[in-house]
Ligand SMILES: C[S@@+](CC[C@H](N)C(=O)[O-])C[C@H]1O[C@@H](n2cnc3c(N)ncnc32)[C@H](O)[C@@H]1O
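The chain below stands alone and is given in structure tokens; this is the form predicted on its own.
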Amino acid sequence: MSKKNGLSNKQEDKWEPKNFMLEATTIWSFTDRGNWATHNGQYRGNWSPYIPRNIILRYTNKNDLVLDQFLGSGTTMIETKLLERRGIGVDVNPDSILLAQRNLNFSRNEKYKPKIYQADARNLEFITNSSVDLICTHPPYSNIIKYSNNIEEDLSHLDVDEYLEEMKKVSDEAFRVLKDEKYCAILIGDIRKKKHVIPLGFMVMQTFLNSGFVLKEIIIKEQHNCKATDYWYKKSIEFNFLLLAHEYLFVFRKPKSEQKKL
């Protein structure tokens, strides 16, 4: 079987999920992770393409501009290209940039090939005020997974308190570049340290509210096929704690300027 970019032609010729329907409740669960186009689960911690597909179809129209401040392997930008939206992808990690560019190197809808920047999510100076139609992104969960070895700007190296301080800068930039009355969707999960839960999801939610956003939806996303599940199941019994099996998908709206003043 011939391959392009390490992916089979059979996979790349499958451009959309079979029998796709928009999610209609606040509980999302994707037992089939999704492997159409160039999507794959090889990048640790990347989200299912069903999530950005749902968000993009629900909150944008064709030719709208979609921003992902934490590009990773390019899942969101693949969906913007497939769904004929313009895209901007940002990541501080050059390895992620290269991987995303490779995953985006398919011939379908070349007109909508996203613009990719190696840059910091806290400083989007190359994006003008109120120019983005949707933000759809999946930041690291503090330092649970470290995505680089020596990149100072990488938020995945930060403990919770410093991480939240820097995420405030991320949310401020998101608020600046988003158009009034448009939406910002963030997937974030809680973490556990020393057998106790740190509610990182709600802490990040409050950070975005403090930047001026209002909350449109709280979606519970069920996790499947997590690595080391068997190992951690045994640990959960031995040390008496529950495995975290959900994440939060917060959908924020940027109110009109006059509403913010009020």
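Start at 1 with the first residue shown and count on from there. Bear in mind that the values here come from a model prediction, so they are computed numbers and not experimental data.
Only in words, not in the display: the form predicted in complex with this ligand, which the text now covers.
Heavy atoms within 4.5 Å of this ligand in the predicted complex are found in one stretch of 152-160, 105-113, 80-88, 127-135, which is 152-160. Contact annotation: residue 43 falls within 4.5 Å of this ligand in the predicted complex, judged by heavy atom distances. Using a 4.5 angstroms limit between non-hydrogen atoms, residue 183 is distant from this ligand in the predicted complex. In the predicted complex, this ligand sits within 4.5 Å of a heavy atom belonging to residue 70. By the criterion of a heavy atom within 4.5 Å, residue 120 is counted among the residues contacting this ligand in the predicted complex. Site residues 171, 201 and 213 are none of them in contact with this ligand in the predicted complex, judged by any heavy atom within 4.5 Å.
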